[in-house]
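In the block that follows, a single chain appears as structure tokens, in the form predicted on its own.
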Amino acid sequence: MAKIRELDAALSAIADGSKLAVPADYAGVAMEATRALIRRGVRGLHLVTLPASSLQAELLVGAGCVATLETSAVGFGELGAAPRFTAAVLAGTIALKDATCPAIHSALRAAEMGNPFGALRGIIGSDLLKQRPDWKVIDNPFGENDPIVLLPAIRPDVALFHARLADRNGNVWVGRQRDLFTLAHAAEKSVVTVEALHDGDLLADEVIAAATIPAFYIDAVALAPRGAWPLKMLGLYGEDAQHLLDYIALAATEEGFARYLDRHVHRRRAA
């Protein structure tokens, strides 16, 4: 029972200056937890997205919680650009470590396996290498005239994500979202919000266990029904596209963004 906590207590693992890793929208984004972090006033985060983000990174950047952002993209796809992220990059108020989806996967998987770096070939020839002096191009030691890029492992302090189910021991069922296994394995700690608690043992059934992250990778679990809203939770509810469109229009200005936070972050907690 020690791993099942109230949301604010579960989030205590995320301190100012933490390297925080979060998944993409399709994998299970802990939006209720994100709102709680903004209410707490967390600062100086090094935010890593696996591999991209939308509203989660946008809110954390806009609220002043992020010092460094390591990502392959922040945006709302066909709905539009991320206005506060764009404003922060143009103003230089955050440090942006630009990457690609395979690069972030490779660096986190290196940490998952306990290796100091990952290796990747596809970004050779791109301008991205000029922006990332921490990435090194070497000759393949097992071949000739075969360059490859080495990327330092990304070892998050905390992974934060939303899942469908956890049991009371802290085992978390994530279905086919394998990115969440990578995050939990790579991070020193994992904090998870879930839609529901399961009374049995998720590791007791061999079929269910295959899609379950064992509790020893999990620091804390908090119950948060509809905790990914307004983003989607596959199999339960879809993306609230109208809410996202309303957000994009409102957050075009700092004043509009402040009104959004008041309405959907601060008042939401009061309600």
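For clarity, every value in this text was computed on a predicted model and none was experimentally measured. Throughout, we count residues from 1 along the sequence that is shown.
There is another form of this protein, the form predicted in complex with a further copy of the same chain, and it is not shown here; the text below is about that form.
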Checked 31, 208, 220, 42 for heavy atoms within 4.5 Å of a further copy of the same chain in the predicted bound form; positive is 208
Check whether residue 158 has any heavy atom within 4.5 Å of a heavy atom of a further copy of the same chain in the predicted bound form, and answer yes or no. no
Whether residue 234 contacts a further copy of the same chain in the predicted bound form should be assessed with a 4.5 Å heavy atom distance threshold; does it? yes
Given that a further copy of the same chain is not shown alongside this chain, does residue 134 nevertheless sit within 4.5 Å of it in the predicted bound form, heavy atom to heavy atom? yes
Partner contact for residue 168 in the predicted bound form: a further copy of the same chain, 4.5 angstroms, heavy atom: no
So which residues in 84 to 117, when you check a further copy of the same chain in the predicted bound form, have a heavy atom no farther than 4.5 Å from it? 109, 112, 113, 114, 115, 116, 117
